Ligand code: 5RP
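Quick setup: one chain, the form predicted on its own, written in structure tokens, and binding and motion questions come after.
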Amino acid sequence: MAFTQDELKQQVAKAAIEYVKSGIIGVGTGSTANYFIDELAKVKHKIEGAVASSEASANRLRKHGIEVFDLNSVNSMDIYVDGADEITEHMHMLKGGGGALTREKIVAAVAKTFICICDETKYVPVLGKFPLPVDVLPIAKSYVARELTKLGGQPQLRNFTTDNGNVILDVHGLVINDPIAMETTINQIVGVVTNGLFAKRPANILLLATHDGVKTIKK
């Protein structure tokens, strides 16, 4: 049976609810994460509340009557649930299409388990077909763009301001064979806040929506 991409996202969002037990839940950003938030609302009585990786997600949580906590007031979280623009069999991800990559990376760092939810179109052998977002301080955008060009990419400035007041350079044309090394190299460029490679802290569990049902892949 064929499903639309939205139907696949809904399926995988429902599957992620099985991992929600209690406490405070980390919640990501984007269309798939939105479906998860909508499902989370149905079991909100089980949890204390959530930490959101963006203002958009925080607003959606609040509309559902779910308390949103500041990450600084949270010592630990059992799970963080978020989508990905690309993910490999090694659980390395490329994220940031929605522009929330820095906060996503911070919330993911606090969580014990990162659950990635996405549909099968995002499951790839090598990262880089989707442009790599790089969060950059505005003063450094030209310098960082030149440095990213030296790495073989073609950076383009996105018409977007992050929740932290920064800009995003989307880097096209990269073939990322070693995501951990690339993540480290880009983060060492002066003026870069972080980039959309989630390789040093990969997903622990991938819930992958396919036309044959949701597949669970664990690292």
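In case it trips you up, residue 1 is the first one in the sequence shown, and so on. Note that the structure is a prediction, hence the values are computed from the model and not measured.
The following text describes the form predicted in complex with ribulose-5-phosphate (5RP), which does not appear among the structures shown.
In the model of the complex, no heavy atom of residue 127 sits within 4.5 Å of ribulose-5-phosphate (5RP). ribulose-5-phosphate (5RP) is not shown here, and in the model of the complex it never comes within 4.5 Å of any heavy atom of residue 92.
Contact annotation: residue 85 falls within 4.5 Å of ribulose-5-phosphate (5RP) in the model of the complex, judged by heavy atom distances. When ribulose-5-phosphate (5RP) is considered in the model of the complex, residue 122 lines it closely, a heavy atom lying within 4.5 Å. Screening 173-181, 44-52, 61-69, 31-39 for residues having heavy atoms within 4.5 Å of ribulose-5-phosphate (5RP) in the model of the complex returns a single hit, 31-39. For the candidate set 108, 115, 100, 144, a heavy atom within 4.5 Å of ribulose-5-phosphate (5RP) in the model of the complex is found for exactly one residue, namely 100. Shown without its partner, the chain has no residue in segment 166-188 with a non-hydrogen atom within 4.5 angstroms of ribulose-5-phosphate (5RP) in the model of the complex.
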